[in-house]
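Take a look at this single chain, the form predicted on its own, given in structure tokens.
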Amino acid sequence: MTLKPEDYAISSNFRHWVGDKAEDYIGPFFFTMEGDDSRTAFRVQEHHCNAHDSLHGGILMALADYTLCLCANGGENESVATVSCNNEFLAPAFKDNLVEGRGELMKRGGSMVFARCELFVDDRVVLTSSAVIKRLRQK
């Protein structure tokens, strides 16, 4: 199933990653690539919020992982798996906020990738993250 970013008030230059049921259920999340770096977008809905009426931290971490893995696979169909992911929560996001991600490829090796990202609402950073990601080879 392909989802449309416009249905979530997200710019049409983003696209949907087809095939990840968890990301569709949690999000949906959308992305675009700028060279090796990724840009992501997600619109907060009421069912994404916790008891404090702010975006649940687990969803922020899932969006960070999505952003980081896109850096690792270059927005292509290469399979990757997160080995480690470190997150720092800096500010809350709320219902109707557009949360955007900026992923930065630090190094892509033969089997491992190092990336970092920031998630933000408007100009306010809400989470920073860094990860080590394994490139999975086809057998």
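In this text, residue numbers run from 1 along the sequence as written. Because the structure is predicted, anything quoted here is derived from the model rather than measured.
In what follows, reference is made to the form predicted together with another copy of the chain, a form of this protein that is not presented.
Participant: So, residue 132 and another copy of the chain: in the predicted bound form, are they within 4.5 Å at any heavy atom pair?
Facilitator: Yes, contact at 4.5 Å.
Participant: Examine residue 22 and determine whether its closest non-hydrogen atom to another copy of the chain in the predicted bound form is within 4.5 angstroms.
Facilitator: So residue 22 counts as contacting another copy of the chain.
Participant: Quick one: does residue 94 come within 4.5 Å of another copy of the chain in the predicted bound form, counting heavy atoms only?
Facilitator: The answer is no: residue 94 has no heavy atom within 4.5 Å of another copy of the chain.
Participant: Determine whether any heavy atom of residue 98 comes within 4.5 Å of a heavy atom of another copy of the chain in the predicted bound form, and answer yes or no.
Facilitator: Heavy-atom contact with another copy of the chain at 4.5 Å: absent for residue 98.
Participant: Across 104-119, which residues bring a heavy atom to within 4.5 Å of another copy of the chain in the predicted bound form?
Facilitator: Those in contact are 104, 106, 107, 112, 114, 116, 117, 118.
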